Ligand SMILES: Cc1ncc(COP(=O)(O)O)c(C=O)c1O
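Form predicted on its own, single chain, as structure tokens, below.
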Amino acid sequence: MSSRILETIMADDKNHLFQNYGARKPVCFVKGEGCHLIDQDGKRYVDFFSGIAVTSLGYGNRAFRNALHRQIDSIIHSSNHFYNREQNEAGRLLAEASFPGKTLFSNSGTEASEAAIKLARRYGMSLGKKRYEIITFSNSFHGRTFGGMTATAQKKIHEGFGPLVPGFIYLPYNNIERFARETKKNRNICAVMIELIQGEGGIVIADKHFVRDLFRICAKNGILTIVDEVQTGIGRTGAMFGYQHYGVTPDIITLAKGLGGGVPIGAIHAKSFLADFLPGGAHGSTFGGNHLACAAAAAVLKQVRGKKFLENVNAVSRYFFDALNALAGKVGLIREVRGMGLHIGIELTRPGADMVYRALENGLVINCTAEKVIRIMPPLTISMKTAREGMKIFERLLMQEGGRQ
């Protein structure tokens, strides 16, 4: 039952804000501690969602908090008309954690997609006037601006917004035969954009042979490889970046979400030769990579790149997969458990939206995507103790739900 405080908040939301997010969950978080959230009435929740894989260091992380306080006390923003030491540091840390190259900062994941699309087309047009087409894959998600939305191969994302941006080709995911046929017959392709784990698509993982063959075909044909690491990057999969599980190196990666630990920031990191295709005036952003956002990114990168940090991510990941697979053997409600690191999907045998609400009632924050896939994406700093605390709630919920079938 809603409290008076929450009812007031909900009424204000309806009176003053667009309702484009549909029915929000009936809670307003006002504080975070570690890997717990606290609502308007003081109730505590275990956070297995981390703001859609954003709050990578949890809440109140001392080093992160101190870095932000120092930056706020010095300078927050000065614009990209001037040099920025915080950008330099964040760009250097990204290159050290991924591959030698250069970074362009933006404000979000969809802006990172836009920058990658523009860069790929500039590159392609340098090879030939018609070489501007980009391949993406079924059930992908690359953002909601026009370029990112069109790159997203889902009709439900496109509805009501046509005409879309021309020049995108949608192919089935994990089907190398279709990809090979398309690249053989079509000489207008400049790039391919791919998520190695489709998050919004239901935690669907790219096959290693598919990825390696795709990269081989692209290298042979001068096609750029863009890996969307907006959700999989910055330690989420148990490696610094998802592509590192595949033994390949992309030409471009797109980043956001966990990069800023909750402070809005996006980026593309690309091989150095590609920077020449976005010279002065070709692309920009007023707020992209300002002092505060880049200080946040640097603070996150310094922690996540540490060996012990990723060891904890992988240890907790093993616990989750063991516990979830054991639970699948107890209840018939679970069809499959899949994912990497702390990017986990539990596919149910029926729609799971109502389970998200019941989890909230029991003090657990989870998410459901692709209708039937419950996502577990806690802060990367989660301890084994908190993971067990949340799993006890989740197991109890699944056992109750299984009994309702």
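Please read these numbers as outputs of a predicted model, since none were measured by experiment. In case it trips you up, residue 1 is the first one in the sequence shown, and so on.
From this point on, the text means the form predicted together with this ligand, which you will not see here.
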Taking the partner as it appears in the predicted bound form, which of 175-183, 126-134, 270-278, 101-109 has residues with heavy atoms within 4.5 Å of this ligand?
-> 101-109
Every residue in Glu114, Arg121 and Asp251 with a non-hydrogen atom within 4.5 Å of this ligand in the predicted bound form?
-> no
Find out whether any non-hydrogen atom of Thr150 is located within 4.5 angstroms of this ligand in the predicted bound form, and reply yes or no.
-> no
Report whether the minimum heavy atom distance between Phe141 and this ligand in the predicted bound form is within 4.5 Å.
-> yes
How about Val230: is it within 4.5 Å of this ligand in the predicted bound form, going by heavy atoms?
-> yes
Exercise: Glu86 in contact with this ligand in the predicted bound form, heavy atom 4.5 Å | no
Residues within 4.5 Å of this ligand in the predicted bound form, restricted to 179-216 and counted by heavy atom = Glu195, Glu200
